[in-house]
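Here we start with a single chain on its own, the form predicted on its own, put down as structure tokens.
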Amino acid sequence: MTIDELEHLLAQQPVSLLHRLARGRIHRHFRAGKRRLIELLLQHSSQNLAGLESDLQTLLAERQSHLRPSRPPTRRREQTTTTHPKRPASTTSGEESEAGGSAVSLTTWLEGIGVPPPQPFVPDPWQIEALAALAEGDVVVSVPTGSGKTYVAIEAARRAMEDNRTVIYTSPLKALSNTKFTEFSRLFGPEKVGILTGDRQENGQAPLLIMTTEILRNLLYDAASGEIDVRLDTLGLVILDESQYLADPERGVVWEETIIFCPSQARLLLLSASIGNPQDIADWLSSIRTTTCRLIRHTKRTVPLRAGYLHPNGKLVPLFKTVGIPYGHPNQLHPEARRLFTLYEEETMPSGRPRR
């Protein structure tokens, strides 16, 4: 069988069979759509197309054996008019069942989404712990997105400025720095907040300066070479947002040098939602700095995640059978989402070979 014939045969198969064929061949194959899956299968087996063809024929034979009618011959005509056994008719409410239980409805999936009613703000215990630890040394805060890292940064900055200390807040992106400049100017007043980026410099003598991490690293370079900046003499707090950039192959050295050259009298506050080894980072800071670094870790997500699928025809359905995201169980797709996936593939893929 030529590669074109094999590609044509693969395009005629359902996605479920292609995923079975990809097991052991393609890593994280469950994330690929039908077109991409066919491309990956052909690429992986470019030196052994006969092996891929053999496995495909085996799965096809197995599939045919499951599709053989088990009813008496007298009812064969009746059976051929029923719904295909591999694709049961799905309901628009998403209530049909699969192995593992029934799926949630769209109403259930949307329940509770909206703006919560106003209520007094009460800091979480981990936020109080982080601020208390920052009074004694450096702190690494590793908590999920939406948990309240910014509150810790704002309150720590407020306390440092009340103590007549300069605060520097860094972010990896100019756009994020501009956003924080607007936010902090509204909170503290425009006269107390300045910004220093590659293309924007405003109120550079303010007690709270927002900049990219590269700008701060350059300021620390100048200080190390003898060009002392007055602001560094009064520096009391350095906030490194998105500190997972320490692991970036190209820009990670900027964060490392910033931490190494940071004045010893200034407290370091590292914020991140995606550091894989926060305790190692805290231990490293403790080993190179004069103060001990505390890790504040919180794993419970305050704002839960829900995954949905919006089809080009405008229909919205839950992506999974459960309200939340079933981590580690990608096969728990919602039956209506699965049906829409198949519909989209049938609508966009030519009858012949898949598009590239």
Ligand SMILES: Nc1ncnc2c1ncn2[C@@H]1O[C@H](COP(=O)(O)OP(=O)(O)OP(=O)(O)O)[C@@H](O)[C@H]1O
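The first residue of the sequence shown is number 1, and the count goes up from there. These numbers come from a predicted model, not from an experiment.
Another form exists, predicted together with the ligand; not displayed. Remarks below refer to it.
**Student:** Which one of these stretches, 121-129, 212-220, 276-284, 257-265, sits within 4.5 Å of the ligand in the predicted bound form when only heavy atoms are counted?
**Tutor:** Single hit among the candidates: 121-129.
**Student:** Does Thr145 reach the ligand in the predicted bound form, with heavy atoms at most 4.5 Å apart?
**Tutor:** Output for Thr145 is yes: heavy atoms within 4.5 Å of the ligand.
**Student:** Please check if Thr150 has a heavy atom lying within 4.5 Å of any heavy atom of the ligand in the predicted bound form.
**Tutor:** Taking the distances in the predicted bound form, the answer for Thr150 is yes, it comes within 4.5 Å of the ligand.
**Student:** Wondering, does Glu242 line up within 4.5 Å of the ligand in the predicted bound form on heavy atoms?
**Tutor:** Taking the distances in the predicted bound form, the answer for Glu242 is yes, it comes within 4.5 Å of the ligand.
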